[in-house]
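One chain is shown next in structure tokens, namely the form predicted alone.
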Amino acid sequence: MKSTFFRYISAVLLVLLLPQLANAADVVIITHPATTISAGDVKDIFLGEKQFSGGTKLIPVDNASMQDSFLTKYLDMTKSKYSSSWTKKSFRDGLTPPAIKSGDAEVIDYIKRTPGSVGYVSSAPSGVNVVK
């Protein structure tokens, strides 16, 4: 009886946790086709430390549906720490925090239309640069 109960609970927990684990691993950084950055630049771009690549103004854009996974994987920050960091930068340096798009489709559309844009999605789309 106990064995069946624990198997059931384990199966339920596995079903509930798998999507979250998959999301944490599947963060793909993309840029406008004419924009080239390195993986090492991602953190600096999203924290407002790097604003140009060559002569191109970099425009980071957040993906609301993947923000927690991105912040954990690439910035090693919580959402509140990230928000607080941008609040300070806004007042101190006059910088604007990244725009927030609702999901992958909106981020991809924005990236394709906006030179200098950098964002993140759950899988690599065509028509953009994928940062390795």
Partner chain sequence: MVTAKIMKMNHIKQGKFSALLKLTIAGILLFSPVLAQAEIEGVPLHGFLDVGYYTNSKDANNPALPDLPRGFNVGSLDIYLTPQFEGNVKGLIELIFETTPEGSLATDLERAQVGYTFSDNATLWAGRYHTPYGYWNTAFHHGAQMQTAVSRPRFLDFEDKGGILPAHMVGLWATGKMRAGDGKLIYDVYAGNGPAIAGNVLDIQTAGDNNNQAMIGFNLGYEFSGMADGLRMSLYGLRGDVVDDDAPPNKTELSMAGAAVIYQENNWEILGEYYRFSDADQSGGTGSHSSWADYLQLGRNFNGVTPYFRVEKTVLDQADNYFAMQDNGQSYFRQAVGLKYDLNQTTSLKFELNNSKFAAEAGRTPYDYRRFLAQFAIRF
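Residue numbers count along the first chain shown, from 1. Predicted, not measured: the structure shown is a model, and the values here were computed from it.
The following text describes the form predicted in complex with the partner chain, which does not appear among the structures shown.
Review point. Looking at the partner chain in the model of the complex, do all three of Y74, K112 and N129 come within 4.5 Å of it through at least one heavy atom?
Key: No, because Y74, K112 and N129 lack any heavy atom that approaches the partner chain to within 4.5 Å in the model of the complex.
Practice item. Give a yes or no for I59: in the model of the complex, does one of its heavy atoms lie within 4.5 Å of a heavy atom belonging to the partner chain? Key: It does: once the partner chain is placed as it appears in the model of the complex, I59 has a heavy atom within 4.5 Å of it.
Exercise for review: Could you confirm whether H32 comes within 4.5 Å of the partner chain in the model of the complex, counting heavy atoms only?
Suggested key: Contact check for H32: no, nothing within 4.5 Å of the partner chain in the model of the complex.
Review point. Should S65 be counted as a contact of the partner chain in the model of the complex, where contact means heavy atoms within 4.5 Å?
Key: S65 lies outside the contact set for the partner chain.
Check your understanding: Do S102 and the partner chain share at least one heavy atom pair within 4.5 Å in the model of the complex?
Key -> Result no; S102 lies far from the partner chain in the model of the complex.
Point to revise | Stretch 78-117: residues contacting the partner chain in the model of the complex, 4.5 Å heavy atom cut-off | key: Sequence-ordered list: K79, S80, K81, S83, S84, T87, K88, K89, S90, F91, R92, D93, G94, L95, T96, P97, K101, Y110, R113, T114.
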